[in-house]
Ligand SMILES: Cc1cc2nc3c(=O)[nH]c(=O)nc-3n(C[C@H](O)[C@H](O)[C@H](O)COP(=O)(O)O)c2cc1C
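Below, in structure tokens: the form predicted alone, a single chain.
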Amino acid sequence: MKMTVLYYTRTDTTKEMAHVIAEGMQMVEGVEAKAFSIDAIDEDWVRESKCMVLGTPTYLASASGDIVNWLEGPGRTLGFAGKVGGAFATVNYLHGGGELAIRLILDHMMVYGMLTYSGGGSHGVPVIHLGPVAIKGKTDEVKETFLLYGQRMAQMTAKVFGQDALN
């Protein structure tokens, strides 16, 4: 089953964490996951994917303008409806608004017909209510959480689409 992690980045922190999530997804048997910048997307891969996670750096306590413009423009043509969706953010400092940025992405995904998921508290610690957030320069501290998030997204997608979709 194909899964995609998309991102926008200026400093490569968001790119780094996108690849960690894709690595976590691939820990689930039968999953193929790839990460792409929104500027270099394999559109066929994304359209065939059952799960899409979108990541953004946080600016002014929100998603970057590049992500918002992409969501409301070219991203709309990639077939969001019916896919499992999730989001993550990177910030420059603690309490930088990462969860607000994630929420903006999730709201767009829901409006476009995606089935948004994070796992919330249903899996226990670490609790990931909306999506994971990484602080620039401290990504090693949350790598395991991002791997786990990728696994949780892949496992839920397999449940939604059935194990046959993994083959």
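All of these numbers come straight from a predicted model, not from anything done at the bench. Don't overthink the numbering: it's just position in the shown sequence, from 1.
The form predicted together with the named molecule is left out here; the points below concern that form.
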>> Just checking whether residue 157 would be counted as a contact of the named molecule in the model of the complex - the rule being heavy atoms within 4.5 angstroms.
In response: no
>> Does any part of residue 12 reach within 4.5 Å of the named molecule in the model of the complex? Heavy atoms only, please.
In response: yes
>> How about residue 92 - does it come within 4.5 Å of the named molecule in the model of the complex, if we only consider non-hydrogen atoms?
In response: yes
>> in the model of the complex, is there a heavy atom of the named molecule that lies within 4.5 Å of any heavy atom of residue 75, even though the partner is absent here?
In response: no
>> Can you tell me which of 57 to 65, 31 to 39, 105 to 113, 119 to 127 lies within 4.5 Å of the named molecule in the model of the complex, counting heavy atoms only?
In response: 57 to 65
